[in-house]
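Single chain ahead, by itself, as structure tokens, in the form predicted on its own.
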Amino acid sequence: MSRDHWFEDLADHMGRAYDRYAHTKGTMQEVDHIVGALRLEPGERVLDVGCGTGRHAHELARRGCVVHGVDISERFVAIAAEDAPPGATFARLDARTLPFDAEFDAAVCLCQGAFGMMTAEGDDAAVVGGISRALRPGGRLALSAFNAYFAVKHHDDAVFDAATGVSHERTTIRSETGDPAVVDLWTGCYTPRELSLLLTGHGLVVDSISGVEPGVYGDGPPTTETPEFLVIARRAIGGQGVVPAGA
């Protein structure tokens, strides 16, 4: 199968070892918060964009949601499907070309699973546009993004490009058997204003933006001291919510 994104090679190398990293250990707390923030009810259809190995999708399905997770990594999708509880399904899809049309009550895009890792110009906009189209009018979204202020202030091991808002880091990842590989990571970073403008431009109404970190999701205001922002939004009802194909 052709490679559509630089992350696919990294995912192949890590496999199940991805879930050993510290940032994956807060799933329960994150889902607790997301369920409340999105007012999720059992039986609602949820799209998990950039689902990785399926940790959020699995937990949402255990709580009664009907979840469909998509990821560009064939390896991660296979792991997610193998471990899936009832109510969770998975498919390999490129988040820049989501094919859904008003099919979901809610969507999540967390931990830079797709948004923020699509660092070419226009890629993140394509992800947001596809998510917006996938939601029914009034459908809710939880999306996390890396905090540009935090990257500039605290991320000493990475190089931040002020012109593009992209942080570049070389780091070592390990496979399931512990084999190391030195890789490049690129992460798009955002300010709250940029996030509001981007989502509003794709037919989404932003209800809140909070400062969070993995495993510590909450409603606190944006600051320079939390590595991520969590956006809670909804697809507008009426003509404003219609997003042109390819936007």
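Since the model is a prediction, treat every value here as computed from it, not as a measurement. Numbers for residues come from their place in the sequence shown, where the first is 1.
Here the subject shifts to the form predicted in complex with a small molecule, a form of this protein not shown in this document.
- Stretch 89 to 97 is the answer when you ask which of 131 to 139, 165 to 173, 89 to 97, 146 to 154 has residues with heavy atoms within 4.5 Å of the small molecule in the predicted bound form.
- Of the residues given (126, 111, 84, 158), 111 alone sits with a heavy atom within 4.5 Å of the small molecule in the predicted bound form.
- Taking the partner from the other structure, the small molecule in the predicted bound form has no heavy atom within 4.5 Å of any heavy atom of residue 79.
- Although the partner is absent from this view, residue 51 contacts the small molecule in the predicted bound form, with a non-hydrogen atom inside 4.5 angstroms.
- Residue 68 falls outside the set of residues with a heavy atom inside 4.5 Å of the small molecule in the predicted bound form.
- With a 4.5 Å cutoff on heavy atoms, residue 72 counts as touching the small molecule in the predicted bound form.
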